[in-house]
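Below sits a lone chain in structure tokens, taken as the form predicted on its own.
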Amino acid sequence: MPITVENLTHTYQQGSPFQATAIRDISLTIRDGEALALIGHTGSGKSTLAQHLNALLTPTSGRVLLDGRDINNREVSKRAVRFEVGLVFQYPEHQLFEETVARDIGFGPRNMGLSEAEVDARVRAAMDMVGLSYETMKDKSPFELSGGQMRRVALAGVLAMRPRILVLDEPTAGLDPRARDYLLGDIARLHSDGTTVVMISHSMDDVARLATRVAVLEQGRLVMEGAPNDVFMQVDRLGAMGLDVPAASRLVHGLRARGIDLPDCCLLDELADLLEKLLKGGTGHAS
């Protein structure tokens, strides 16, 4: 397993009058090649958990294992861990700082000690992955780009280090619908190409579209996990936590309340197919 989280607890400012425990006794396995979504109300501990996955934060107690190695062990290079587990922060465009797009994307690979030829090759490949033209964009200042383009440059900068695991904290926050769709398409392609993805999101429709598994945090604890359909059909339980569900799950829940028998579903296109078959008498029935 790429990452195993064992009994993880993190307390900020421990021992001070202002100490606050953000996550409590969390155990979770992130499987090779999956797309795991972390959801929960604001303050539930999602970002704190994400920042433990590449050793940006050190546990108060518990362990994070990467391929069986404790990433906070003194014998393990945290620098090497961060090349394997790439973390893209919320609003990552705020971290852009180089004069040109190419230099910004190449910063990580250059910091890995790679040759300029290899850095250039990685910059070109990463830009291609996120749909940015190398020839058109390489010499532009990242600060002259649109918000969506800046977000893609920041993502390309992480991808250029070729991490096996990509951790994304609210990757579409603040983007217009077109830029959001482009970026979600980029993430879906990366996952289909074999990258393990961990994504924090408040958009349940985005989660339903991309995730193969969902983990729900509440007040710093892991309270639910499972396949998207299994989690999102627990509409009342999630609602009690202040969480929404995808539109399709909400519709299925409402139709079941009216006596229409439908299977679990959290994607609108799948629900449309189910309803079409139901209307044609091919599946399901009205009670």
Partner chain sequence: MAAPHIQLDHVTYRYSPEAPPAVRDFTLHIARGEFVALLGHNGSGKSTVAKLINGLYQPSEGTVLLSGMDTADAQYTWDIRRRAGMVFQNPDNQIVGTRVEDDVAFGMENIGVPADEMPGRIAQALAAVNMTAFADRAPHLLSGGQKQRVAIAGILAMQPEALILDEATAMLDPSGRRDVLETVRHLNEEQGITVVWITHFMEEAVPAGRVVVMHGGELAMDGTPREVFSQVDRIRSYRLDVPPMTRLAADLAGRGIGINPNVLSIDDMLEEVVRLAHHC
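Numbering follows the first chain given and starts at 1. Quick caveat: nothing in here was measured; it's all calculated off a predicted structure.
Heads up, the form predicted in complex with its partner chain isn't pictured, but that's what we're talking about next.
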Look at the candidate spot formed by I3, E6 and I26 and say whether its partner chain comes within 4.5 Å of a heavy atom in all three of them in the predicted bound form. no
Please identify the residue among H41, R63, R221, R31 with any heavy atom within 4.5 Å of its partner chain in the predicted bound form. H41
Which is the contacting stretch out of 31-39, 240-248, 224-232, 63-71, given heavy atoms within 4.5 Å of its partner chain in the predicted bound form? 240-248
Is the gap between R124 and its partner chain in the predicted bound form 4.5 Å or less for some heavy atom pair? no
Taking its partner chain as it sits in the predicted bound form, is P177 in contact with it (heavy atom to heavy atom, 4.5 Å or less)? yes
Spell out, yes or no, whether the shortest heavy atom distance between Y91 and its partner chain in the predicted bound form is within 4.5 Å. yes
is_contact(K138, its partner chain) in the predicted bound form, heavy atom dist at most 4.5 Å: no
Considering only 252-269, what residues come within 4.5 Å of its partner chain in the predicted bound form, judged by heavy atoms? G254, L255, R258, I260, L268, D269
